[in-house]
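As structure tokens, one chain now follows by itself in the form predicted alone.
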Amino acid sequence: MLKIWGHRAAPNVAKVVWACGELGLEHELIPVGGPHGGLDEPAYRSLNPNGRIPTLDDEGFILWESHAILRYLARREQAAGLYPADARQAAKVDQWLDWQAAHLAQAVRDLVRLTVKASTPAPAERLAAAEAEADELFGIVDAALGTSPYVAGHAFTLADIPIGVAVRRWTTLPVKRASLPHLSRWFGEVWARPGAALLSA
């Protein structure tokens, strides 16, 4: 059975748990990080020298970095629907995976730090700037979803999972958000998928 170190509240762990649900993979979630601690323990650092989550153990094959894990699991299961074999279709999925990690994740993280993790109220100008940045980035997704039903095209793929996790986090924060109808429609659909249901288990 797959072992995943982390906890569901962590966005990068949530991505992997969701993918396991889509692929029908049994897994054991080993609580570490956040309120569970343990990231600096030598035993964990021997698995993941970064001291971050998630880390995957597939019968002794250790892998870290959430998007690398997503790709690995999809290839392992030969799930061409989630990660296409066609080079151009796969590149579109990779484009959105990399974009989410490089840009969208940071924008949501900034809002989290300015709101629910802040010890004092954030300066209004800083919060407004962070809200505007998130609106702009989620607006890019909204525009893409105005031309196709899913992020990377006409089918649900790995690209939808990290962005779905990001939208979930964004919409639970006490911030102002732009009205993005295509994003809202899409999120309602993907969050109803069985894989996403694991995140509430």
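These figures come from a predicted structure and were not determined experimentally. Counting begins at 1, following the sequence as shown.
The protein also exists as the form predicted together with a small molecule; that form is not presented, and the subsequent description refers to it.
Student: Name the stretch: of 154-162, 33-41, 134-142, 172-180, exactly one has residues whose heavy atoms fall within 4.5 Å of the small molecule in the predicted complex.
Tutor: Careful reading of the contacts points to 33-41.
Student: Within a 4.5 Å heavy atom cut-off, is L70 in contact with the small molecule in the predicted complex?
Tutor: No.
Student: Please tell me whether any heavy atom belonging to E65 falls inside 4.5 Å of a heavy atom of the small molecule, as the geometry stands in the predicted complex.
Tutor: Yes, E65 lies within 4.5 Å of the small molecule in the predicted complex.
Student: How about A10 - does it come within 4.5 Å of the small molecule in the predicted complex, if we only consider non-hydrogen atoms?
Tutor: Contact check for A10: yes, within 4.5 Å of the small molecule in the predicted complex.
Student: Just checking whether R168 would be counted as a contact of the small molecule in the predicted complex - the rule being heavy atoms within 4.5 angstroms.
Tutor: No, no contact at 4.5 Å.
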